[in-house]
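First, one chain by itself in structure tokens, the form predicted alone.
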């Protein structure tokens, strides 16, 4: 390392590792030296070695995996996430369609359960006051994958007053499993004809960053979405995507302009 460089030592160590990545010496998926190993190799403290690795993680050049180590991850171009009201067909999963257009393999894991909606979710779904401990929504937690990599989290709530007793009460069960909210609701005579999305950005929680394999404190784009059929809210969801991985693209058909 350059002794005339007056920057903190951990930045100079990060420079060395960054150069090994950019030169191709370290490839995508290669394991970076551990904190003890890096400290021993360079004769530096473990805290300095740890800070150097954190720099690479914050730059998106590495990812830390609990219990496994820190691995090289090369920068990627942000992917387009289409938030289009108008689609050629209301059938199928919008996420799968978007990934297919980009030549990527889509998948997801999920967990569904019936719960009592929180006050915020009750308001978003237009539900009346809760009665005792009665469960009144189906909550589904998703991790969406592109080419096997987690890229999006979503928590969806659907009111049982709409879906109870129908074949679609569980989003990922039955003949329409995984077909998307629009197709499922259409099958029970509740065509989605409106939606609202609130978009914001914030620091990711520790759990979100871990599940998305992002550095602690990564910036996330959040979307609060609600689907309507006529005047009835049929689903609301909280969506979380890493800000450096996706560009949100909104589009929709314009109505006719009335004559003056």
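Residue numbers count along the first chain shown, from 1. Throughout, rigid core stands for the largest set of C-alpha atoms superposing within 1.5 Å between the two forms. Everything quoted here is computed from the prediction, not taken from an experiment.
There is another form of the same protein, the form predicted in complex with the DNA; it is not shown, and what comes next is about it.
Chemist: Work out which of the listed stretches, 22-30, 187-195, 37-45, 228-236, brings a heavy atom within 4.5 angstroms of the DNA in the predicted bound form.
Modeler: The contacting stretch is 37-45.
Chemist: Quick one: does residue 202 come within 4.5 Å of the DNA in the predicted bound form, counting heavy atoms only?
Modeler: Flag for residue 202 set to no.
Chemist: In the predicted bound form, is there a heavy atom of the DNA that lies within 4.5 Å of any heavy atom of residue 64, even though the partner is absent here?
Modeler: Taking the distances in the predicted bound form, the answer for residue 64 is yes, it comes within 4.5 Å of the DNA.
Chemist: According to a 4.5 angstroms non-hydrogen atom cut-off, is residue 246 in contact with the DNA in the predicted bound form?
Modeler: Result no; residue 246 lies far from the DNA in the predicted bound form.
Chemist: Though only this chain appears here, would residue 9 touch the DNA in the predicted bound form if you measure heavy atom gaps against 4.5 Å?
Modeler: It does: once the DNA is placed as it appears in the predicted bound form, residue 9 has a heavy atom within 4.5 Å of it.
Chemist: Within 107-136, which residues have a heavy atom closer than or equal to 4.5 Å from the DNA in the predicted bound form?
Modeler: Contacts from 107-136: none.
Chemist: If I superpose the two forms on their rigid core, does the C-alpha of residue 38 end up displaced by 2 Å or more between the shown form and the other one?
Modeler: The answer is yes; the displacement is at least 2 Å.
Chemist: Using a rigid core superposition, assess whether residue 51 undergoes a CA shift of 2 Å or more between the shown form and the other one.
Modeler: Yes; residue 51 is a residue whose C-alpha shifts (by 2 Å or more) between the shown form and the other one when the cores are overlaid.
Chemist: After the core is overlaid between the shown form and the other one, has the C-alpha of residue 68 moved by 2 angstroms or more?
Modeler: After core superposition, the C-alpha of residue 68 moves 2 Å or more between the shown form and the other one.
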